[in-house]
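Here you get one chain, nothing else, as structure tokens; it is the form predicted alone.
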Amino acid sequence: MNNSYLIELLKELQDIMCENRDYLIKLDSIVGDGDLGLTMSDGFTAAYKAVSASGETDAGKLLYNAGKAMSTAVPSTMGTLMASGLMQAGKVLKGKTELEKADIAALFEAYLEGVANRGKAKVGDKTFLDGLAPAVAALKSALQAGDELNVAAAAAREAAEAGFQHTTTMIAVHGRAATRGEASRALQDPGAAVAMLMMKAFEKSFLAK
């Protein structure tokens, strides 16, 4: 694969965040300030538009530039976290002009690392990480077992969905939801929903081929 795949992936991310803008707004209005849908739709749109016609052949530079565009467009907490994920992925894939299956796994593993480092959260804190971490683990496991990327992407999506649902067993540690204490346990985490949508877009990027 060359970098045209990354542009296609960013297009799918933009589309799914725009399609689910109202869903994310509704989910976030219960535990946050309700702007998550706007942040994600505007942020991923900015990321895609920044690189869609750039002609950049370096995968790392492409992802880093997409992240920079997102950070400028949506400088909120969640916007900054998502941008940090893209920029960390860009650092890991710097110099790559052709992508192997392992590079795609490295992309999402780096995304997870970038968000975790910037947000100072960990798995189990009821955040975005609780959706993406199991997805990355499932993706890597599937690829190590020899599965093709479309099969591995489906496994990652399933794991992200399960991770999102599992957030209803956790007490929130960060953000406004944390002020609810035990009452936050039954609530679905909007950040983990974003991770779930990302993995749905990832899977779709192969179904569209």
Partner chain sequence: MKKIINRPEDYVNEMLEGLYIAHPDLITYTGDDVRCLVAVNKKAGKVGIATGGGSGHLPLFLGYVGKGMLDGCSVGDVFQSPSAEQMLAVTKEIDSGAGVLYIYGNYNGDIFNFDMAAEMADFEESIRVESVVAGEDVASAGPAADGEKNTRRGVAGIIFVYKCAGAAADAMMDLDEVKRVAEKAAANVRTMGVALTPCIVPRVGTPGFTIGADKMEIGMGIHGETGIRRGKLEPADQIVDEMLEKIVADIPYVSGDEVAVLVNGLGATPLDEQYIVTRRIDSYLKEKGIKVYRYYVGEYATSLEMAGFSISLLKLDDELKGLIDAPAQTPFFVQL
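Numbering follows the first chain given and starts at 1. Remember, it's a predicted structure, so these values are computed and weren't measured experimentally.
What comes next is about the form predicted in complex with the partner chain, which does not appear here.
Student: Name the stretch: of 138-146, 22-30, 161-169, 62-70, exactly one has residues whose heavy atoms fall within 4.5 Å of the partner chain in the model of the complex.
Tutor: One stretch meets the cut-off, namely 62-70.
Student: Although the partner isn't part of this model, could you tell me whether Asp35 comes within 4.5 Å of the partner chain in the model of the complex, counting any heavy atom of the residue?
Tutor: Contact check for Asp35: yes, within 4.5 Å of the partner chain in the model of the complex.
Student: Please run the contact check for Thr97 against the partner chain in the model of the complex: heavy atoms, 4.5 angstroms, yes or no?
Tutor: Judged by the heavy-atom cut-off of 4.5 Å, Thr97 is well away from the partner chain in the model of the complex.
Student: Any chance His174 has a heavy atom within 4.5 Å of the partner chain in the model of the complex?
Tutor: Heavy-atom contact with the partner chain at 4.5 Å: present for His174.
Student: Would you please decide whether Arg118 lies within 4.5 angstroms of the partner chain in the model of the complex, comparing each non-hydrogen atom pair?
Tutor: Arg118: yes, in contact with the partner chain in the model of the complex.
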